[in-house]
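Coming up is one lone chain in structure tokens, specifically the form predicted alone.
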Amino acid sequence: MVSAYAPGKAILFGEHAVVYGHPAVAVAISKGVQVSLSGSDSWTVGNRPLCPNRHPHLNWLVERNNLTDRPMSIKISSELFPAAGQGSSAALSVAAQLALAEFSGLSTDTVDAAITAHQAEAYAQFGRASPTDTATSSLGGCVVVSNNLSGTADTIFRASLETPEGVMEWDIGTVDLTYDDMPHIVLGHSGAPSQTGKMVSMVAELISENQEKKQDLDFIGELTLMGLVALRSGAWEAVGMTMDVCHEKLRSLGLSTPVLETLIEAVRPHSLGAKLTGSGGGGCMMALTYNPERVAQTIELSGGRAIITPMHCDGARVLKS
């Protein structure tokens, strides 16, 4: 048996704007996805046949790794809420790529895994996908994605993608968060699914019909740069304030929901900042706080489900038996 693990993620700033070349900042979280492979007579996922429509990421990765004629059983174990803005599909793609590569004797370098998993995500999302989720899941820690890092982070690699809007390119870098007494992140699941491909397409249609909405994405890009400066200097109150303003812009794009708004408003008295995280339309909100247990309890009392995670978590890895 071959197994690999990849963490989920939380986006601090830059949702949706990153698809159009603006920066995004994300951190890996303490929950993730494990993918295990074992020999079989046919390709299966959880004892069911591998189906291109049901498992587009996995099917694409199997074909990309030239393993169609080497059937295996794929077992997936996830600690993440599905379709909740925690990067569950990206973590699945990264972990699956590492496991498939390990099985085939190919490179298990996390940068290679990030690049290949990003392509798998784009295939499953109608040709549009930022590398934020896959890069964060692969590298771990705090990741910055932008069309030009300009010294804001240490560059690790560059990603490109042919999209319906043309070729997009991003620089991917990391920020070392080594401050003492860092706040925690608390994620609150709204209970409703968030469909990334659908929400990305909705925003694309919105800005094509109303160019003023494109200004909201541009402003999110500016906020992300401001938040990144605060993050690098450990100015956590400023980080929280930037999260709050970023959420207002995401809400103006129609990406929030009544349940997300309820959870966000409930935790604000106990948080430095709070916002939706991920593609929106459901899924999760997040709070930055020095009182994570209180925030988690508030989320649960308000009808959500909470996960507490530190600001720094390790990235993807092959699990040695």
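We number the residues from 1 along the sequence you see. The model shown is predicted, which means the values in this text are computed figures rather than measured ones.
One more form of this protein, predicted in complex with (R)-mevalonate, exists but is not displayed; see below.
Checking T110, T196, T224, S190 for any heavy atom within 4.5 Å of (R)-mevalonate in the predicted bound form turns up a single hit: T196. Though (R)-mevalonate is absent from this view, in the predicted bound form it lies within 4.5 Å of a heavy atom of just one residue from L217, I74, A153, V200, which is V200. Segments offered: 236 to 244, 92 to 100, 125 to 133, 204 to 212. Contacting (R)-mevalonate in the predicted bound form at heavy atom distances within 4.5 Å is 125 to 133. Taking the partner from the other structure, (R)-mevalonate in the predicted bound form has no heavy atom within 4.5 Å of any heavy atom of G283. Interface membership of H16, defined by any non-hydrogen atom within 4.5 Å of (R)-mevalonate in the predicted bound form, is confirmed.
Of the heavy atoms in S279, some are within 4.5 Å of (R)-mevalonate in the predicted bound form. Along 240 to 265, not one residue places a heavy atom within 4.5 Å of (R)-mevalonate in the predicted bound form.
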